[in-house]
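Single chain ahead, written as structure tokens, the form predicted alone.
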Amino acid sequence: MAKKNVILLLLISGVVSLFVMSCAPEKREEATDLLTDTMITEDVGITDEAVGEMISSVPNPVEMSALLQKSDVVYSQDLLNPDSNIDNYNTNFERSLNLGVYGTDLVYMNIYDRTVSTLAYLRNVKDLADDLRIGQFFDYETLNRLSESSRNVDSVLYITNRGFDNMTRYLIDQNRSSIAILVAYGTWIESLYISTNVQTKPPNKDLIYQRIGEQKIVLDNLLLLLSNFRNDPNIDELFMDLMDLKKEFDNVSITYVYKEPKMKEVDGSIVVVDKSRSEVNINQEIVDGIARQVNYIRNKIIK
């Protein structure tokens, strides 16, 4: 009888152990690559300050998402990178790009008050940031709590944007600017992907197309940033993809229209108001060409 009891206890112990193991959170794999900040030659290197300024030129996804929402563009969950895709990203290269992608999706969802659906994307942003050892810049607990109510959207956006800004400065200071550049690349491509694939309609359609055309200037900055890290085959491939995208943006013309500045009084002081503006010439055919190449690049990033 004693022997049977021992066997029974061992069986129970084994079942309990398997249950505990199955319930334990799965630890994400270590990255299989190592991103470095080694440039092609010292001669083509750019200063950390210049890197920061060019990354800052990449529009905040809040700007485009807010424009779409104010233009009565219908929200589309189908445009987002499925949250389950995170399990496919096992290199620092992939995780950096998709941190930008998921961060943009998170902003897009918050702008449209899809608070319930944001939790999985918020978790993905935190997990990818932790993988890259920059998770300290994302207050997951606070964001998780605030995301439970649409009344806190502004706070969520502010904390998220501040996290990405602080993360970028930290990465540059730590000589890990290649990661900051890849995050910015993912952010920009995802924002452009959403804006070129949503269903637009007049009269706001022209304003959205103008914003798309203005990305021609941002593209040049991204090309300059990536050109310094083309010794990495993955980054070189991104660079060549952007060169193909540049061919489509070459069809966009941006002209500067000068207008006489005006003076007006503000709080007792006279200030000069610049009335000049840039005119973006773009049409449906050009947007379609940009969209095709953006879709190609984006699908490679999120696969």
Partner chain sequence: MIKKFFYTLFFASLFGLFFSYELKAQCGSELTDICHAELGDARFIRDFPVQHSEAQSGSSPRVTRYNVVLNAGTTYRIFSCNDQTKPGKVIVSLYRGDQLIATTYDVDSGRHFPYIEYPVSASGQYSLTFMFKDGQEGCAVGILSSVR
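Residue numbers count along the first chain shown, from 1. The model shown is predicted, which means the values in this text are computed figures rather than measured ones.
Although not depicted, the form predicted together with its partner chain is the subject of the following passage.
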property	result
Candidate from D274, D250, E237, D244 lying within 4.5 Å of its partner chain in the predicted complex - any heavy atom	D274
Partner contact for V218 in the predicted complex: its partner chain, 4.5 angstroms, heavy atom	yes
4.5 angstroms heavy atom contact with its partner chain in the predicted complex for D206	no
Distance check, L68 to its partner chain in the predicted complex, heavy atom within 4.5 Å	no
Interface membership of R230, its partner chain in the predicted complex, 4.5 Å heavy atom rule	no
Whether N161, P261 and S269 all lie within 4.5 angstroms of its partner chain in the predicted complex by heavy atom	yes
Interface stretch in the predicted complex with its partner chain - options 191 to 199, 74 to 82, 207 to 215, 98 to 106, non-hydrogen atom within 4.5 Å	207 to 215
